[in-house]
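To begin, one chain is listed below as structure tokens, in the form predicted on its own.
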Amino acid sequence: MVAPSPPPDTYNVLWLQAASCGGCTMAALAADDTGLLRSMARFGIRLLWHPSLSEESGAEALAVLEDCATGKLRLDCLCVEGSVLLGPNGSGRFQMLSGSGAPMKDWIARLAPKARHVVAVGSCAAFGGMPAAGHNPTDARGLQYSGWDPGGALGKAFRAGSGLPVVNIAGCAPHPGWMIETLAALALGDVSAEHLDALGRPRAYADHLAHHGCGRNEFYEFKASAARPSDRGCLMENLGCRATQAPGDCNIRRWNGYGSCTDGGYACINCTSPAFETPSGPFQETAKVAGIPVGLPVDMPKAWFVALAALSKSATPQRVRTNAHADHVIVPPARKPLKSP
């Protein structure tokens, strides 16, 4: 069955899942208040096929992919979720596309040059992510990066039909707003190289830090630190939070409108950066040298941070110090006494 030709004014997206847990799709389904498909439709984006959302399966699904690969069906954007497995020995046979007899890596290599834009959805597709952790027996890679190293499955020199490199919507999982906003901007022709940072992440969200807007900022400013995940204090000093280093606006536009990792008591693990899956120490613990965290804010000299931290701790109000070690407000802010009638 040959897929019908799309209207000329639609932006056609083909979504593949490589070595993925599916979490990026799960995140995308919560886009806006209308869901993924309606959010995309508002910008004229047509989903040609998605392995979890489309009705086509088996031969019908393969026909859509084949038509895109041969140019019969216009492919505006290839979205890949999950890292690309090149093993064993470069064969890619650790992940075969069911029913096709071909590795996923070969399908990606056929489809990517046909696409006007190629988008890596999530840090696995961008940099390798969790499947690339440890000794990486499957030779998992991102589309255009392997960790911090340019290259990946498509190679450093790859450019999509638009001339852009792979657009990396990094995150584990990425915020649904990042996905919809990026696809909408691509569909509208509003993305050029200057809109991407040095790692191909859209600057619309990567020019922020996860620390910005964090609900624990009062505790951060006074260096009133949590000792346990349930504490209200800052998670940086003891619990491994890397929000001051992590690109992302997830504490400005919260998930589902009201939540973030740090809101839930879970330290930021800098999931929008390469190699987040292999931190210098255990997750939820802060690596230190001589009592000073190894990971410090990226936009502040180390000496300044140490000096300000000492000053802040000496000036911490008792209210902030007490509440930092509790799971609810123990000491409320002082109130001015009511005036006598």
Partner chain sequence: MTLSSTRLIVGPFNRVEGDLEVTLDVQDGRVAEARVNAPLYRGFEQILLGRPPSDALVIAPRICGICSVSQSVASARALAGLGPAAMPENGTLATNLILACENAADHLTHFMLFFAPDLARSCYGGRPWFAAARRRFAAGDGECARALLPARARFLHLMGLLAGKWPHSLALQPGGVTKAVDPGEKIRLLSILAEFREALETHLFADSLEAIAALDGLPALDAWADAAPPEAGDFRLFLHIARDLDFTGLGAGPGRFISSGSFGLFAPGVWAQGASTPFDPAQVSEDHAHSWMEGAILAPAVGKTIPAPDKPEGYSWCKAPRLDGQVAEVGALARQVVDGHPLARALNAARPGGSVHDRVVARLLELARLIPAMESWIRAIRPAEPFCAPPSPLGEGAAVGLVEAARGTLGHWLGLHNGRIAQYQIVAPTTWNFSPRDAQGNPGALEIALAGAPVLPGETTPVAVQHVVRSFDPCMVCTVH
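Note that the structure is predicted; figures quoted are calculated from it, not measured. Positions refer to the first chain, counted from 1.
Not on display, but discussed next: the form predicted together with the partner chain.
With a 4.5 Å cutoff on heavy atoms, residue 266 counts as touching the partner chain in the predicted bound form. Among heavy atoms of residue 38, some come within 4.5 Å of the partner chain in the predicted bound form. At the 4.5 Å threshold, heavy atoms of residue 192 stay clear of the partner chain in the predicted bound form, well away from it. Among heavy atoms of residue 58, some come within 4.5 Å of the partner chain in the predicted bound form. Across the proposed site, 67, 108 and 297 without exception lack any heavy atom within 4.5 Å of the partner chain in the predicted bound form. Per the 4.5 Å heavy atom criterion, the partner chain in the predicted bound form is contacted by stretch 168 to 176, the sole one of 114 to 122, 168 to 176, 202 to 210, 141 to 149. Only one of the listed residues (257, 71, 90, 163) places a non-hydrogen atom within 4.5 angstroms of the partner chain in the predicted bound form, and that residue is 257. The listed set 308, 315, 29, 292 contains one residue whose heavy atoms approach the partner chain in the predicted bound form to within 4.5 Å, identified as 29. Contact annotation for 189 to 217: no residue has a non-hydrogen atom within 4.5 angstroms of the partner chain in the predicted bound form.
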